[in-house]
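This document starts with one chain, in the form predicted on its own, laid out as structure tokens.
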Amino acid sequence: MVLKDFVQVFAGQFDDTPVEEFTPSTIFMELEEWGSLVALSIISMIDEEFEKRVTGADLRSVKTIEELYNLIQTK
């Protein structure tokens, strides 16, 4: 999966945030809708799409969607 596609799948985990707000440089934890349920959805999506495991600590260690994508690539 390329970064552009990852951004779209990532955006799909949010119900109320417009998709236009999601770019590789989006600081996802600053989004109004961000919370523990969305974080769990992201972790689940990564497990399903990439067959890789990330933890809450992994999510907290990155700021942008691109940084998360790059982290997944290293696992």
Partner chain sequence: MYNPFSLIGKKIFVTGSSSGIGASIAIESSKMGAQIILTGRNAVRLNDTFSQLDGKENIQIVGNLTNLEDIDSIIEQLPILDGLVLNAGVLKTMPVKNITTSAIEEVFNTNIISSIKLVQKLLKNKKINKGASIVFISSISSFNVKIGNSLYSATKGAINSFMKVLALELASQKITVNSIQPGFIKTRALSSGIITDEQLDAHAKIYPLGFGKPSDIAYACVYLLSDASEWVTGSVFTIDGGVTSNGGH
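All figures in this text were calculated on a predicted structure; none of them were measured in a lab. Numbering follows the first chain given and starts at 1.
The next section is about a form of this same protein that is not shown, the form predicted together with its partner chain.
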Item to check | its partner chain in the predicted bound form: contacted by all of 4, 7 and 27, heavy atom 4.5 Å | outcome: no
Item to check | residue 21 within 4.5 Å of its partner chain in the predicted bound form, heavy atoms | outcome: no
Item to check | Close approach of residue 32 to its partner chain in the predicted bound form, 4.5 Å, heavy atom | outcome: no
Checklist entry - Does the 4.5 Å heavy atom contact test between residue 54 and its partner chain in the predicted bound form come out positive? => result yes
Checklist entry - Is there any non-hydrogen atom of residue 13 lying within 4.5 Å of its partner chain in the predicted bound form? => result yes
Checklist entry - Which residues, if any, of 16-52 lie within 4.5 Å of its partner chain in the predicted bound form when only heavy atoms count? => result 36, 37, 40, 41, 43, 44, 45, 47, 48
